[in-house]
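Read the single chain below, which is given as structure tokens and is the form predicted alone.
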């Protein structure tokens, strides 16, 4: 996929490993989704996925190291949202994350975020290293 989308808004920013900075970006994204008239159900899912990915990058990827940063690329169009998050951590294997829906993993806190992101977004791709996630949401509500 190229940039054939007509982005109404895009923001590429490198933020420190600080969840408050992540929240600021998410607030901005939510404002832009509202302006582009995305429905509340889809906005809810995008919000959850973006928050999960940013918090994971800060906490798990960068281990909240103040010397490490997170690259955040967010774009909003009428029919599509793109969120690309990259941290400076060692990465992880998304396939090795325990399935949180299996009985034996119900008490395991990890894995829920990865599953939520997959559930709410149309496309989810991790890079080979596992320290970067690219998520796309295509609008389904009119």
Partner chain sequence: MSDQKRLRVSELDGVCVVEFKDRKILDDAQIQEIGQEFHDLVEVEKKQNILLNFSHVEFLSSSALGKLISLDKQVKQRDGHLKMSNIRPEIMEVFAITRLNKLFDIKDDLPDALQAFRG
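This structure is a prediction, so every number in the text was calculated from the model and none was measured. Residue numbers count along the first chain shown, from 1.
This next part talks about the form predicted in complex with the partner chain, which is not shown.
Worksheet item: residue 126 near the partner chain in the model of the complex, any heavy atom under 4.5 Å?
Response: Although the partner chain is absent here, residue 126 would stay clear of it in the model of the complex, with no heavy atoms inside 4.5 Å.
Worksheet entry | Distance check, residue 78 to the partner chain in the model of the complex, heavy atom within 4.5 Å | Contact with the partner chain, no.
Worksheet item: So in the model of the complex, does any heavy atom of residue 109 sit within 4.5 Å of the partner chain?
Response: Because a heavy atom of residue 109 falls inside 4.5 Å of the partner chain in the model of the complex, the answer is yes.
Fill in: residue 9 within 4.5 Å of the partner chain in the model of the complex, heavy atoms
Residue 9: no, not in contact with the partner chain in the model of the complex.
Fill in: Residue (of 82, 97, 36, 115) lying close to the partner chain in the model of the complex, criterion heavy atoms within 4.5 Å
In short, 115.
Worksheet entry | Sole residue of 51, 28, 88, 73 within 4.5 Å of the partner chain in the model of the complex, by heavy atom | Contact check passes for 51.
Worksheet item: Within 4.5 Å of the partner chain in the model of the complex, do we find a heavy atom from each of 24, 32 and 68?
Response: The answer is no: none of the three residues contacts the partner (heavy atom, 4.5 Å cut-off).
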